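In the form predicted alone, a lone chain appears below as structure tokens.
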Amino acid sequence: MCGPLPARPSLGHIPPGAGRGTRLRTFTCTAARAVAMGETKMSLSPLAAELNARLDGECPAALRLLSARGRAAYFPHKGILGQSAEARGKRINATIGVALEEDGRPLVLDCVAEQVELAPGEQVLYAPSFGKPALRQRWGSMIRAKNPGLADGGHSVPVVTCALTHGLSIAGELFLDPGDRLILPDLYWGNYRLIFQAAFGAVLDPFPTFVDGRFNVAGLAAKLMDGTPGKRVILLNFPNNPTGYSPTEGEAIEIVRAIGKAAAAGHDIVVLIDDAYFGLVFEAGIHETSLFVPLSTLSPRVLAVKIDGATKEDYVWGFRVGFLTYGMAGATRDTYSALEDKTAGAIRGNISNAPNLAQSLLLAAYDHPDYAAQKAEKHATLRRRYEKVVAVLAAHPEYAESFTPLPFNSGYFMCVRPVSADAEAVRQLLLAEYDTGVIATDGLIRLAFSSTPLAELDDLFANVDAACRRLARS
């Protein structure tokens, strides 16, 4: 067993001498925190309580890791969607809120239907909150094919989200309470601040990403072991945005070992694995499979949450189709079913479901005989650009006077740190006088070779060098 649920934090008190404004502000903050932490007198739905009991009986750490919102989450199987499912196939079905033609086909505008070579029902009808069953099963089989060693049944059935951002948000809802620490490298996607900090009140707790050109496993381990045993939430994103770095095989082993050591010390750990750029690895010796594989069987105290999708993997950025998949040592199908229900319940109460049309188009693409070959062709395009960046930097050692490249080996991006110039000033100068756009973030300049034509990469780095030198002189 993983030990008792942690005690709820004190809500504090109002100092005796506080004025009315102070009392009101303090009451408002503590009341809001009480609601967020589930400390009101409202009881859980019986459906949520039943899911919690199932988790507690089989994987108690999974229950302890849930936020107050996560413990309250459930899917209303007997609600509108469930009752509509029971009525499917009946001669008269007056349940779901869609409009149908007299013959039962979806009532759809011809100017819409004619745009896509799919049946109207695959275009405009609702998809389930869990996602289209065939797509869920297909993505699960694709995860296993891309991650040798991941056994069938060793993870949940993927639940469809509205792409990665929504998947991360749902994970935040299920696992983060206000004030919870979110351990992550200090070079991270800026949207994490909106997703986890602004929306759920989590405290981002970063550690330096690199030490001596290597991923800082010791920094991660120190954050995990800091404080008394309890809940830990980690966010790992490889290939990393913004740096374009993935761990080496050795570093991946060290990361898993550090998490296992923390679990053995009594910490309950949920690892959010942002696999947005999964598969885009361009160097030998780099860990190519997802950390979800070893983490999903590491310990009954470690819940691995794989958040991925077609967005970057299949080059369909606007489709907004992602997936959320669970893995945990000792978990049974019943455990995973409970987590899937909570996830789909959170989605139902948030956006209802991800777009049916995009899911249908992906399923059709995955059935296409040329899918694998076409995907390999696009991967080769990105590899050529990556190799060109490496060649440009090797051919121009003088660039080291202007900027320092950070370690990179995969993904869409790489970053440079100006030696003597301000990153934002460099960005502004590049826009104004070099016809060049880049991203300035946290003192770095992020360069997306993914969206830069091969023929423009020489000029991209030459322009960054020139702008850095001009600003350094001034």
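These numbers were taken from a predicted model, which means no experiment stands behind them. Numbers for residues come from their place in the sequence shown, where the first is 1.
This protein has a second form, the form predicted together with a small molecule, left out of what is shown; the following refers to that one.
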Residue 241: touches the small molecule in the predicted complex, heavy atom cutoff 4.5 angstroms: yes
Exercise: residue 248 in contact with the small molecule in the predicted complex, heavy atom 4.5 Å: no
In the predicted complex, residue 274 touching the small molecule (heavy atom, 4.5 Å): yes
Contact label in the predicted complex: residue 320 to the small molecule, heavy atom within 4.5 Å: yes
Contacting member of 192, 175, 75, 139, with respect to the small molecule in the predicted complex [4.5 Å, heavy atom]: 192
Contact residue in the predicted complex, from 165, 123, 335, 147 (heavy atom within 4.5 Å of the small molecule): 165
Per-stretch contact check against the small molecule in the predicted complex, the hit in 395-403, 305-313, 353-361, 370-378 (non-hydrogen atom, 4.5 angstroms): 305-313
